[in-house]
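Taking the form predicted on its own, here's one chain by itself in structure tokens.
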Amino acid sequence: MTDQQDQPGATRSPGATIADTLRSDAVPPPQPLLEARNEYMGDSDIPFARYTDQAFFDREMNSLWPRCWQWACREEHLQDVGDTYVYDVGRYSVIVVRSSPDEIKAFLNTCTHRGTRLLGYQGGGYSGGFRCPFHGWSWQLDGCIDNIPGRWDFPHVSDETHGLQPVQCELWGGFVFINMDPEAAPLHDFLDVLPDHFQHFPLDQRRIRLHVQKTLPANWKAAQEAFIEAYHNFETHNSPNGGNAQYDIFGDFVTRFIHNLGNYSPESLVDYPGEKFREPVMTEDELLRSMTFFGHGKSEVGPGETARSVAAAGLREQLGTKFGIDLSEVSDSIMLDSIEYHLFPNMFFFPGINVPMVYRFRPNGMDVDSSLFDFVILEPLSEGATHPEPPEPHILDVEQSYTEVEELGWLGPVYDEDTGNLALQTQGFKTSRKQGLTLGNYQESRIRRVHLTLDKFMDEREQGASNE
């Protein structure tokens, strides 16, 4: 093991690496999953004020959210001309609309007469055009003026001055991204390795099976950080599989973790001084039975097999039949593992077949201590199928349990565990004499990367504004 005093951030969990596990799988992974890239970015504490201070929150509202790329909806929300999706973040609201059979546009959700919000709802809807509920000004789907009551009194108004205010809009992976900054660089500049990596598991060939939105009692950054590392698995999920995950830093905007299922972390087998007793080594049969929640239907591991290979094979057969697709060449890792890419500032994309989620975290209005957590489960489309109409989201308030969404099954209690500490953490932020959180150099490196990028992103945009 490398001495951390000599090379800070170089220490890794004992035992086989994630790459070792993937190379030994019966069906090996695509090359991008064998890449390992991390960097030491320092070990200073992250101030709690970044999560609780209204002034810092207001700075994000001015310099982050109206300037960054964020996914607003899926293309399947906008299948017909006139289909709309209203995306709100903080104090901002954007209308995304299929304005023609081959074009999707986005506009600020505000009247150019006296500023009234045009569409009062959030999420999906339909509109043949846009009409202000205050004075009746109206616009066509492409944002051009349709009608102004008493037009004789507004000779100074034209499409150039009073058409709907456009928002940048681009597509990737079946997602519709928006950026309210007219001068923002193209989306591709921020996606980094994602287009290359996701060629192996294209998300545009999937459909929304389930959408859940829950209000969480924490700042958006604290909320997403509950999902950005596997270090919490030991305690939060009482799982023997927590310490040996791989964390990759691809650049300022994209990071990843790979967390194997069907094996265990060597740290779970060690009785460190002062730590509670950990479970003994599990046999391959026991590991296989520990994954029965997947529904793979297997209970025994044969000669030359592993729990991972047996579970993956069972899932290929079961899910291939369910989805109507051939999964015979899909790797064990894509079938089983939790593989999570993060795109700055607030998006998570999972390429797996059995762990196929997408997450989004955003401020809940102007409340610094509250956030909205959206997650969708993306199910592969069968060969030649078209996207069905997406389901309506299940909306959960702070006190509601994920188990109220029956379709989540075994995932409901897991998400309750994942978010159950957030209120306590928010309270602790405001109580602690110690003024910041301490991060592990490796296991929590993705958290540090987000904060470093956040500062760099806002500094650059504020400097640009001051030079104008």
Partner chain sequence: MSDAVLLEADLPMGGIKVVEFAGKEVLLGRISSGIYAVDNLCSHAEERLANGKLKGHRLICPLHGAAFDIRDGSALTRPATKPLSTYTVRIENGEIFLGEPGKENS
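The model shown is predicted, which means the values in this text are computed figures rather than measured ones. Positions refer to the first chain, counted from 1.
Just so it is clear, the following notes concern the form predicted in complex with its partner chain, a form of the same protein that is not shown.
Three-residue candidate spot 121, 124 and 133; every residue lies within 4.5 angstroms of its partner chain in the model of the complex by at least one non-hydrogen atom. Residues within 4.5 angstroms of its partner chain in the model of the complex, judged by any non-hydrogen atom, belong to 124 to 132 and to none of the other stretches in 303 to 311, 328 to 336, 124 to 132, 189 to 197. The shortest heavy atom separation between residue 389 and its partner chain in the model of the complex is within 4.5 Å. Shown alone here, residue 74 lies farther than 4.5 Å from its partner chain in the model of the complex, counting heavy atoms only.
Within 4.5 Å of some heavy atom of its partner chain in the model of the complex lies at least one heavy atom of residue 83.
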